[in-house]
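Here you'll find one protein chain in two forms, each presented separately as structure tokens under the names structure 1 and structure 2.
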Structure 1
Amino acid sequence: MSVKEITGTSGSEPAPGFRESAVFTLTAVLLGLVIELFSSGKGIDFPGWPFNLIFLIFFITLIFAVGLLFRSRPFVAWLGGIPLGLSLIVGLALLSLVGGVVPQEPMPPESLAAVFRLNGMFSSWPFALVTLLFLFNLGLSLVWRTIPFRLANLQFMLFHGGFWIALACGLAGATQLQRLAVPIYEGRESNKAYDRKNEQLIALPFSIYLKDFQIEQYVHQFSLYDPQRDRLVETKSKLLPEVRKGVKAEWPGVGSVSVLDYLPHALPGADGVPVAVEGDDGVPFARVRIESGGKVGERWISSGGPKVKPRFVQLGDYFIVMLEGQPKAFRSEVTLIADDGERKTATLEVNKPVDFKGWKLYQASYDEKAGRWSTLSLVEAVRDPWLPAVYVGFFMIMAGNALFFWKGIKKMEEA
């Protein structure tokens, strides 16, 4: 740092520069709010390609110019100093706090939150201004620590430089980020993608053919449903009982249920008694023995399916129901066909996106009402040209972090 720190350790009065910094930050926030007020909370529209890159280059040049040419001016030293950095961190934290409490969703335009865009905090003017100043301040301190280069400053450079790059490139690249929803039905092919943010239909440079959509589920469970309070009653053992032959579940004061027989794929026969069937049509049925208040009975229950009604059993004021197992995995077997003729077969699964032609394809969702009978797969196509820059920032932060950890441990040993 070019200014001598003169804060003592006794410091009952605020350190020099802190009051000015607080006023400065507050002014930026107020200015942002005023802009929102006069533009009826429309928020900031960051320029798209290539103006985002031009803006970024201009901003970096400005930081270097100011940092190197006017380094000895007290004002510039203050602009790149910790007191201002701290006030801006506090400002950022407080704005994030508002954004973390007020739901970030559309609200009536005349509501107070919408007028000042508190419901869209992270694309609002106050947030943008504070972030811009934050980057300026951080940038100056970086320039001073980097030039002249000293190895002792490496950890500082990695930490602060990584954060600068990740934040600046993440924000500048946000206008080029595309997240599109691509619905496809089994046995069909589509290149139509929906941009939900801008409500646009976009043609992808490739189409997706859905060969098969599959869902794996956890075992079905049965449970006691309380219709008056609309909730499931917990068993004595806190287990959600799995429907398997031999399982017994007890609900204190209500009764118990044991599974005598379990058919994972069955359909009701002519007399209503379920019979096991082959193929995908069958639904699970369980024959259960119910004991309640000294009475014993045997019944069939089922979670049902698209063509079969669910069966449940009344038990006093409650119902014994069979619940669908929760989805364990769902995946789409697809063929990707590019406009230039290139083909690729792939399996899309949650947490396993697939790259194709500069896009990343994700298994997003399916027709949840149809559950495991869904023939619709919802794929998300994402393009984010700035991602590598952001990741460089992330890895720099992690490297600086590792150094920091090592240094911290060493100092701790000495302490």
Structure 2
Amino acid sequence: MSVKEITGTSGSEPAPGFRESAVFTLTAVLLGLVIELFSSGKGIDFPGWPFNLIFLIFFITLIFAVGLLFRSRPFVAWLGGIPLGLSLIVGLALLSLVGGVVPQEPMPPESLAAVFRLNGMFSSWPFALVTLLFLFNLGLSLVWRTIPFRLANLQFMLFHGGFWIALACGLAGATQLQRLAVPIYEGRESNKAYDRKNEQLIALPFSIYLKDFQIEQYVHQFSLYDPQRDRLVETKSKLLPEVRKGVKAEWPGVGSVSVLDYLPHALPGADGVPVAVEGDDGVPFARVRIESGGKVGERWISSGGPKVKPRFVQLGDYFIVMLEGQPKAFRSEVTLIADDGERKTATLEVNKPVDFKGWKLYQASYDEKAGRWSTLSLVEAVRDPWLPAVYVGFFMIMAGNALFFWKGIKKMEEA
């Protein structure tokens, strides 16, 4: 489809084509790099609330004004045409590729990546300029397809309009996106969150009370530890054996270990022999038979805990050790208490957010040194007030795609 068909212009004057569009896009990128060079790679700070909304309204008004008042001008027709749109998409793709290849993290100020803000590509001037030009290009084409309204253009309006809304609102709301870390201890309540980006404490409009923190672990494992090289020695099967009754592991040239008994929760008795106990105070113990150099012996090994020292067995220059089981899942039983008195009981788990007062709360981490005895839970609080608008854009894209396939099916039936 030509620019003439999109804009409805007479086409009496030739409009720039793909070559001019590519040069224009490259100029925008170079201009952004020059700005970064003279600003020492500080990047662009999009305005916060309410200036981001004011800017977006002004930008939309400008697009409508230019699109409706100057739609017959060849230059304006080119600004909203396909050649420039495709060139800008290629420019965005290449800038995104650079952002994916170059680590997006702090670098020495004198480095080339920092000077041109290649290490912060998605908040850089080149990316901002090309994105704004693309939104302007796409916005003009939407205006021309929307006014006057034709039902035949509905699929175009839904798909491209949804894409415009999702991209524009995602960028405008980036400054209001908050990702905060909330450390809470069992039996305590806190409304203090830490903003790691700005390194400051922020008071949440609600408190989180941690009733209980739980960790599920995989089965413990045992291995042969080489203290001289500070590494674990692989078994004959190349796998770390699990601590289960009847399991046997062999290390060529060293010996073998068989698990005779396993107590998942136990404490040393008066004679030092482990005794099974109830509750979380117990630690795992395993009685193992060690065969090495024609000698056979039985000993208890343990990964230990806060009140129990680890137990291991020396085997020549090596040690038979029990390894703590890797965490399978961890969760926090919490009560959320809003400033207005509203309360909500919830379970926070990884990748299963809980919504409360416009915030999404995730289970993030815990005290990994304490392991399953951790009384500290690290909760992530996320607030993105522009997310509903982005979702509206996504739903419009889905509706546009559905309409596209429906039209295709109808044409096939007619054929």
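The term rigid core refers to the maximal set of C-alpha atoms that superpose within 1.5 Å between the two forms. All of these numbers come straight from a predicted model, not from anything done at the bench. Residue indices: 1-based, along structure 1.
Of the two copies shown, the first one, structure 1, is the form predicted together with protoporphyrin IX containing FE. With the core held fixed between structure 1 and structure 2, Ser207 has its Cα displaced by under 2 Å. In the core-superposed comparison between structure 1 and structure 2, Val392 has its Cα shifted by less than 2 Å. After superposition on the rigid core, the Cα atom of Gly325 is displaced by 2 Å or more between structure 1 and structure 2. Core-based superposition between structure 1 and structure 2 puts the Cα shift at Gly294 at 10.2 Å. Relative to the superposed core, Phe404 moves its CA by 2.6 Å between structure 1 and structure 2.
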